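Given next are two forms of a protein chain, the same chain in both, each as structure tokens and marked structure 1 or structure 2.
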Structure 1
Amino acid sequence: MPSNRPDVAPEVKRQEIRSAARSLFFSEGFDKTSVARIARAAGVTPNTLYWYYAGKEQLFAAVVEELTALFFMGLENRDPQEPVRETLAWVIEAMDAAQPLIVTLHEKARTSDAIAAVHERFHTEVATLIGERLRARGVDEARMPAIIHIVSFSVEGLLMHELAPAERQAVIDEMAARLFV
């Protein structure tokens, strides 16, 4: 039976809980993953899990925050001068790997303040990043809000709808050619 393991540093426990939750959220989905199952997989008691996270929604939000940070780190490490189509293709590929969590994020953002806040922060950070890239390319400031929405909605659409790789690439190419000029 799991114990509260007082010899393990709090941040290590918190990370173990997030890692167990992330794995289960990917493999079983949010709704089918119980707090008890997450605690068992992390080697802690459910009470210990609640000590670190107020509930499953807050834990899910923490998992998404962690993945978001990794995503933005990867994006920031890309060459800002690379062709936009390559950056967009990388973004879609990276986000495609997290598609099950993205679907849950959109569903749960309607009913959970914690998850809605993570979703909103992600979109704000994406908008800021796209805006920076557009400014660097000399795009008119008045066009930016519409371009940011088009890119965000198009990426989400590509993630939610199956397209053949060639069709997906055609959408990416068209976005890059028409919006980032």
Structure 2
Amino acid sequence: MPSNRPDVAPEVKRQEIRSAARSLFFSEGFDKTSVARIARAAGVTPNTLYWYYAGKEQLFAAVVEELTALFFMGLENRDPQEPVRETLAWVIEAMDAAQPLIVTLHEKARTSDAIAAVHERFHTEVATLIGERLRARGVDEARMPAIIHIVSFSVEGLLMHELAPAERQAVIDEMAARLFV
């Protein structure tokens, strides 16, 4: 057995660690996932993980960053003309699986700079996209920042609380009807 494995490219191993972490964070949550468990799932020892990532929180930040990049790619590829309620429904569906991560994101953003930065960037990008939709529909420019907050808070709320599908849809409809006008 080799004591180290330089046969595997470092970028690949970074990815393996990140994937193992994502999978476990999803299924078990951040707190209940130990660094040892992530390392085992990635086929390395715990201390090797620290060569690739500065710590558990930075690894979490990297996972979130990867997911948000994917999310924005999907969102930007959608037709900007589509009805608001359809876009919102897609957003909720796309982020639904990440529910436990979103809660953790807010928790850790309070104490970790790395995570606060990811969180901040996400809100900024979402705000820009909602802003474009509002502007296209002729919403009063001065009121837009407040409306953007209400929309993104409501989306976050939908993701953080278990609602029945019909209730969820009703919230989306009400947002489309009352806020995007």
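Counting starts at 1 and follows the sequence of structure 1. Just so you know, these numbers come straight off a predicted model, no measurement behind them. Rigid core (definition): largest C-alpha set, two forms, superposition within 1.5 Å.
Which of the two structures shown, 1 or 2, corresponds to the form predicted alone? Answer to the question: structure 1 is the form predicted alone, whereas structure 2 comes from elsewhere.
C-alpha of Ala136 off by 2 Å or more between the two structures on rigid core: Result for Ala136: yes, a 2 Å-plus shift.
Cα displacement of His161 between the two structures, core-superposed (Å): Taking the core as reference, the C-alpha of His161 is shifted 2.4 Å.
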